Structures are given as C-alpha cells and as structure tokens.
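In the block that follows, a single chain appears as structure tokens, in the form predicted alone.
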Amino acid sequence: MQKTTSLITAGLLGLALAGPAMAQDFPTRGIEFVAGYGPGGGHDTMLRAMAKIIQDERIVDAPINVVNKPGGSSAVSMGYLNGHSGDGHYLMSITSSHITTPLTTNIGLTFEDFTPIARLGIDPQLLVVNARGPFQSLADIVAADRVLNVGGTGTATIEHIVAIQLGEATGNSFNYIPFQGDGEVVTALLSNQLDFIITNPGPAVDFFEAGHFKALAISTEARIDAFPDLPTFQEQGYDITLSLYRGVTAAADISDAARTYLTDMVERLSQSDAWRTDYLERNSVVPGFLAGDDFSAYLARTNEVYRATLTDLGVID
C-alpha cells in the first residue's frame, strides 16, 4: 500500500512539474510578423513599430522578424499565412483589404479562414475641404445645388464607401473620383480639382497645420483627442461610423496556447506608453483595442457592411 501511495504521489508530482513545461511549449522558435504590402506602407509601419516596442520593453522574449509578402491587395500574404495552418508562429497585419479582397476576387479564402487575434486601433475617415474653398461646413456640402466631386484612393475602398454612405444619407449626388494614392488625392484638393475628399488623418495633417485644409466631419462614434473640435457625422445627423481598422490575425487551427500567447502579447503592447506615443499618436491612429470574440464579431459586422455596399456598387453580385 505504501508503495502504491508513493507511486501515485510521484505521478502527481510529475504532472505538476510537467504543467509549466507544457505551458512553455509555445513558442518553440521566433515569431514572424507578416506584412501584406511593401516596406514603408501602413502594414509594414505598424508591424515594425510593434516588433520594436515588444522587444525594447521585453513584453515577450521570443525573437520577432518582420517579412513583407506584397501582392494582390493582401491576397499573397493571406495565401502565405494559410499555408502555415496550425502554426501559431505567424502573425499577419490586417486592414479592410482582409475583407474586401476575398469579396472582390476569387482567392478561395475569407477572413473566417484565419484566427483573429486583436484590433489595435482605427483610422477614422475625415471629410476634408480646401480651407479657401466655398464649403466651410457639412451643411454647406449638403446644401450644394450641383453634383460635387469627391476624391479618394481607389474604387470600392473605405473612402468610396463613406462617400456613398454620405450621398445616401443626405440625398446628394456625388461624383467619386478614384486616385492611385493619398498623395494624388491631397494634391487634387489643393489645386481645387475636387470639392472635398474622404481620407484618414495621416495624409492631411500637414495641410491642416499649414492652414490649407479644413476637416468638416469625422467617422468615429465620438470626438477624438487629436481633433477635439471636429464634430462627428453622427453629431450632424448622419449615421456614418465606418473606419479603417488595424489589427492582426494568425493562421487557422492554432493551439489555444498559441492564441493566448499572441493575444496577451498584443494586449500588453497596446497598454504601453511607447505604443501610444510612438505609433498611435505619430500615425494619427485612434486607440481601439478589441480581442477574442469581440474582435471576431467586429470583423463579421464589417464584412456585412462591405458586402452590402459593394453589391450596391455592382462590384460583386
């Protein structure tokens, strides 16, 4: 009996000792941060800021390497991550293209084929005019007696969708003109080729400071610290709250341990002062951390908004 008891005790002790070891099974090597666009873009900028702060502040000890897999509006990076199903050592940056690319192209993947980790912030959309132009308020835009020209980056992008939502909400007709990049958009507004633009804060900040541009509305649910005097669309009677999210996702079918590790890592990152000052404030990104089921539900809601609008546009059936 004593021998049996000793064996049981030894077994329990072995399990107890094995627990921490098992908990440390992830990660077994470095973590790869995957950017779906080239160096210097928004995805790359966010991931490199994340990697630096995580390592500088020793949030985790695992080495982190940022790689770029550009192409197909994130289709290439989605295919790359999908090829590592079950492996939690990969973390990919995602924005609206994570939803729109599967909706508008036949890549055989959707946002549901991955493991959502967290939303780290949002880029709100601003309605911006030339400060020396005739429109000094959103009411002026709504009261215009002609079709106004509005610019944004690309067709079926978040800028395009916000312009459509504004037209539907106000009953106005807008002529949306797509450009290849933010630089072309702001140049067109500066030279009065456009009546207004829809843009995130980043490309317009310098023009605000120089007095060339003026923002008339923002797409957040409440005013933000960066623009405390700028009213929301909602305040002005129009239910437009669509913003560009910035988040991260992992491959499908990763272990619970990997998902917990990655979620904890980015949550601790989001709580650091360095993240606030060196990334969010520097890039005019609004804090907005969501993880777990909350982030999954957010992606599902966003997917339905994009699907409905793209269908209305005739981009998808």
Partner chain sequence: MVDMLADLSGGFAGVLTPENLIIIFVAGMIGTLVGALPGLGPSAGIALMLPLAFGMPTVSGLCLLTGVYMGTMYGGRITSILINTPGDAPAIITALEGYPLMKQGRGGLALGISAISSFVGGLFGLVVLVFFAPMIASYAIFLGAPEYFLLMLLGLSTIVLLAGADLLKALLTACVGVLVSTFGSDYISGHIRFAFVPELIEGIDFVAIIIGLYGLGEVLYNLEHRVVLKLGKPSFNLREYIPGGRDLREAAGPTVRGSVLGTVIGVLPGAGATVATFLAYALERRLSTRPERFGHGALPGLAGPEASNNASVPGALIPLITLGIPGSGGTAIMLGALIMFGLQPGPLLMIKSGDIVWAMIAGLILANLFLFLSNILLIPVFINLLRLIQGHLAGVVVALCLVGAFSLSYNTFNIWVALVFGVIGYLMKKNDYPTGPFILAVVLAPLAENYFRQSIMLGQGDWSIFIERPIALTLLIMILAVFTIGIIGKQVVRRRQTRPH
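Residue numbers count along the first chain shown, from 1. These numbers come from a predicted model, not from an experiment.
There is another form of this protein, the form predicted in complex with its partner chain, and it is not shown here; the text below is about that form.
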From the list 140, 168, 206, 221, which entry has a heavy atom within 4.5 Å of its partner chain in the model of the complex?
206
Counting any non-hydrogen atom inside 4.5 Å, which residue from 231, 72, 133, 237 sits next to its partner chain in the model of the complex?
72
Within 4.5 Å of its partner chain in the model of the complex - does that hold for a heavy atom of every one of 127, 248 and 262?
no
Residue 96: heavy atom within 4.5 Å of its partner chain in the model of the complex?
no
Taking the shortest heavy atom distance, is residue 120 within 4.5 Å of its partner chain in the model of the complex?
no
Flag residue 227 as yes or no: does it have a non-hydrogen atom within 4.5 angstroms of any non-hydrogen atom of its partner chain in the model of the complex?
no
Under a 4.5 Å heavy atom criterion, is residue 179 part of the interface with its partner chain in the model of the complex?
yes
Look at the stretches 84 to 92, 149 to 157, 112 to 120, 237 to 245 and give the one with heavy atoms within 4.5 Å of its partner chain in the model of the complex.
149 to 157
Residues in 243 to 270 that come within 4.5 Å of its partner chain in the model of the complex by at least one heavy atom, in order, are none
